[in-house]
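Just one chain follows, in the form predicted alone, and it is written as structure tokens.
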Amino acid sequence: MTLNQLTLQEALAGLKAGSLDISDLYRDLNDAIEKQKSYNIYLQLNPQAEAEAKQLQDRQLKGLPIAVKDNFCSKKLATTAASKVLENFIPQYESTVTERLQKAGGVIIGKSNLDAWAHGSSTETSDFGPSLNPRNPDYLPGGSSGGSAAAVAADLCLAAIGSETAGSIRQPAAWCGTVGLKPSYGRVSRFGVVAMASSTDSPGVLSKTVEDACLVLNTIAGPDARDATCNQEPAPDFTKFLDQDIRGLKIGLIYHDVQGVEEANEKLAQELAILSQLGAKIEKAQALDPHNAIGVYTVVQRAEVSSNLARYDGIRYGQDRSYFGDEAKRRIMLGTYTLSKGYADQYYNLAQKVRTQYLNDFTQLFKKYDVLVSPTSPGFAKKIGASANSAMFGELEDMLLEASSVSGLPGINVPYYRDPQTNLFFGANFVAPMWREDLVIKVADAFEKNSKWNTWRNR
């Protein structure tokens, strides 16, 4: 095993004990990055990463390499959002997430690929080419945080930062067989994140284990006066929710009767027996049809995109609007249409009313259940090129996640099955009430440690 294959916690333990040398770790990491260049995971690398790491050995993350999705502003590295509009844009300030990560001793090893402007669930809309899935390079890594998920799966970092608007952390985590933790909306500051849909954008973590996700979330969560949507209460120590007894917890299995999810649901029902054996009570539960969330998310997200992308006019910074890709143009046009006079009531306001129905539905479900669970994605990762002729590719692949995202709820993906023929994964999505990351961490950690599907725990 090479050193870049360590989990974040294993590397921290090795550095603290003196049994691991930071230079040796970066040597193995750089070798792996060079060998897997064809996967197109990083849009740019930090040439000073190892030098920075050596100066951070007294800090919490001890200079360990973290991949950052390239829609987080960083002063020393360009921030492109995978769009040629911002191809050479170097921000004048750090995002709160990258600022806190570096203060805690994390090193940005590189900026990872994504769907341009985070528009998509495949990484195929990137203006710099798609990333490949390290589990099987004939397949997509998912998106929009596909580069971050792929970086973790390929051991090209020890953990990664992503963002989710409606599935963009959890879905690529499922397709790449990693952990993906999306906190409650407002748990982590959006300051310095290239905005897509401001009412649902949520920075989060992609990692090798649930424990690693907690370690990173500890460094980036918490109040931020620069983000009015950020929770101003101090964040808890998320590692305290690891290794907890789950006896007596009630878990509701939702979306068990959704068409097109039969295989994923069958495998999940079998694996949930692990949680039953640990003392949790599993019941089938009825949630609002996730198909309706597709329309809600599509209308709300396009409307917010048309507003947020209006600032990219080529005058203040970046290239002019002719550099927008086809997907961005489609979303701008649809969003502008839904907000226009005579149509806002018909589309946008109606979508917000249905969004409230989902919020109310979750409120009722959480009166009976502590945690809800479903497959993260309807199926396995799709082949390269699958999104080309599907205008609604992302919405369909994220269908099981959109309701929880537009409701601001915390969720986490953990692997629960690997197909031996393709080496592709199914992922389970655990969801809890807002601000109850403790519940999803507790259940996901228990499942991970008592199942055989986590690559790094069972190597």
Partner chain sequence: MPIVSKKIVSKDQVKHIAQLANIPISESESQQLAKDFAQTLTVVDQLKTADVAELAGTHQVTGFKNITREDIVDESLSFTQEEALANAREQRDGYFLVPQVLNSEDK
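Positions refer to the first chain, counted from 1. Not measured: the values here are computed from a predicted model.
The same protein has a further form, the form predicted together with its partner chain, not shown here; the description that follows concerns it.
Enquirer: Counting only non-hydrogen atoms and a 4.5 angstroms cut-off, does I33 reach its partner chain in the predicted complex?
Expert: Contact with its partner chain, no.
Enquirer: Please check if A351 has a heavy atom lying within 4.5 Å of any heavy atom of its partner chain in the predicted complex.
Expert: Because a heavy atom of A351 falls inside 4.5 Å of its partner chain in the predicted complex, the answer is yes.
Enquirer: Considering only heavy atoms, tell me if A49 and its partner chain come within 4.5 Å of each other in the predicted complex.
Expert: No, A49 sits far enough from its partner chain in the predicted complex that none of its heavy atoms falls within 4.5 Å.
Enquirer: Answer yes if any heavy atom of D320 is within 4.5 Å of a heavy atom of its partner chain in the predicted complex; otherwise answer no.
Expert: Yes, contact at 4.5 Å.
Enquirer: Taking the partner as it appears in the predicted complex, which of 383-391, 264-272, 100-108, 157-165 has residues with heavy atoms within 4.5 Å of its partner chain?
Expert: It is the stretch 383-391.
Enquirer: Under a 4.5 angstroms heavy atom criterion, identify the one residue in L278, A344, A235, M333 near its partner chain in the predicted complex.
Expert: Flagged contact: M333.
Enquirer: With its partner chain left out of view, choose which of V406, L61, L400, A432 has a non-hydrogen atom within 4.5 angstroms of it in the predicted complex.
Expert: Exactly one listed residue reaches within 4.5 Å, namely V406.
Enquirer: For a quick check, can you give me the residues of 267-298 that have a heavy atom within 4.5 Å of its partner chain in the predicted complex?
Expert: Read in sequence order, the residues that approach its partner chain (within 4.5 Å, in the predicted complex) are H291, N292, I294, G295, V296, T298.
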